[in-house]
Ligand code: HEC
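Single chain ahead, written as structure tokens, the form predicted on its own.
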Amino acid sequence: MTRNLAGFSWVVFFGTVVMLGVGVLRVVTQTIHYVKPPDAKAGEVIYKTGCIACHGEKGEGAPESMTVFERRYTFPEMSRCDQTTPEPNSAYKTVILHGGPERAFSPIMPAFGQLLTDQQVDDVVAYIRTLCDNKHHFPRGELNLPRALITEKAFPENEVVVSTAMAAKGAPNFTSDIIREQTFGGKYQIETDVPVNYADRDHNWTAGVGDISIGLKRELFSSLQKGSILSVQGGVIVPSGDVKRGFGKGTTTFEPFAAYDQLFKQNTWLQFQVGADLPVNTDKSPRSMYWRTALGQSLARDHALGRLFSPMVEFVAARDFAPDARVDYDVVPQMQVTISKRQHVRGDIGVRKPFTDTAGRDTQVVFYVLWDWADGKLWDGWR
């Protein structure tokens, strides 16, 4: 069964790439490219002519006594940088052109695609961006690149991820990491990771929690103009797992790393991560370092506004600090797809294949489901 899963995931990956290639003439990248630069001044005129009636002069929402509808919890306060800055321009443009239902928001938001030109919509979005002063420097949503299976991204995020790695052959065993990330202060993110292990020991299933980790990330630099974002994170892995069952290392481990992401004009992107695992007791677990790279391309229909497909490949390396230690290299081809209509739920599937020092390192099928809870409840945003 697990062998079939490995073969299936390869078919999914390459089949999707072929599908995208066949439709290449109708598919464009997610980043919006402008024939003419947007004019925020022109957008202000349009906003104050029509949008102000519901959204208010400063984007905080018109007084409810002056509106004839009941606001849902998703009603945007466009003056709040923590809400608006993490969203890419494509999200704004989709809702303005096609209305709220296009992203499973309220039908109260009408479609303006028949009233405004493409340029006028871009102008309005440019003006909306000025409603947030962004004194605390929230990085722009375009720099929030698709999450890879292994490589950590630099963008501070509000999301829950359930990521599972399972052996592609041999005795069935898999680990599911339940990860929760929450931002604060614009530049910071707290991350907790609770691994849950399942293994077949001589045809008897055993399960247990592994070593839980807690990390603090800080964004150091971001520039939409340069397409760059840099962050560092310090983490502690506590020995909460059962060592006898192979569910933990039995020692506290510190895990510092740096992450750098680079977005290019055609929405091709690179993500880099370099870090180390530094256990307190090296008799129980060796100190090691790792480096990871993800290369991907995001594609979407409807002039960069539709469902998002992100084929990518990761190159993962790790080496113990021992002088005679070898470097373990893995390659991880994969595909991420937005699942919900709002694009706040995404899935990714791939194969982690060792290509050096393969003894005792089996191929794994890896997949996750991601929920960006800042964009709405898990059960919202589907229709």
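Worth saying up front: this structure is predicted, and the values here are computed from it rather than measured. Numbers follow the displayed sequence, beginning with 1.
There is another form of this protein, the form predicted together with heme C, and it is not shown here; the text below is about that form.
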State yes or no: in the model of the complex, is some non-hydrogen atom of G347 no more than 4.5 angstroms from a non-hydrogen atom of heme C? no
Report whether the minimum heavy atom distance between P37 and heme C in the model of the complex is within 4.5 Å. no
P76: heavy atom within 4.5 Å of heme C in the model of the complex? yes
Answer for F112 alone: is it within 4.5 Å of heme C in the model of the complex, judged on heavy atom distances? yes
Can you confirm whether F69, F105 and L116, the three residues that make up this candidate site, all sit within 4.5 Å of heme C in the model of the complex, judged by heavy atoms? yes
In the model of the complex, which of 175-183, 221-229, 248-256, 124-132 comes within 4.5 Å of heme C (heavy atoms)? 124-132
Of these, A42, V316, C51, I339, which has a heavy atom no more than 4.5 Å from heme C in the model of the complex? C51
Heme C: the contacting residue among I237, I96, L149, L145 in the model of the complex [heavy atom, 4.5 Å]: I96
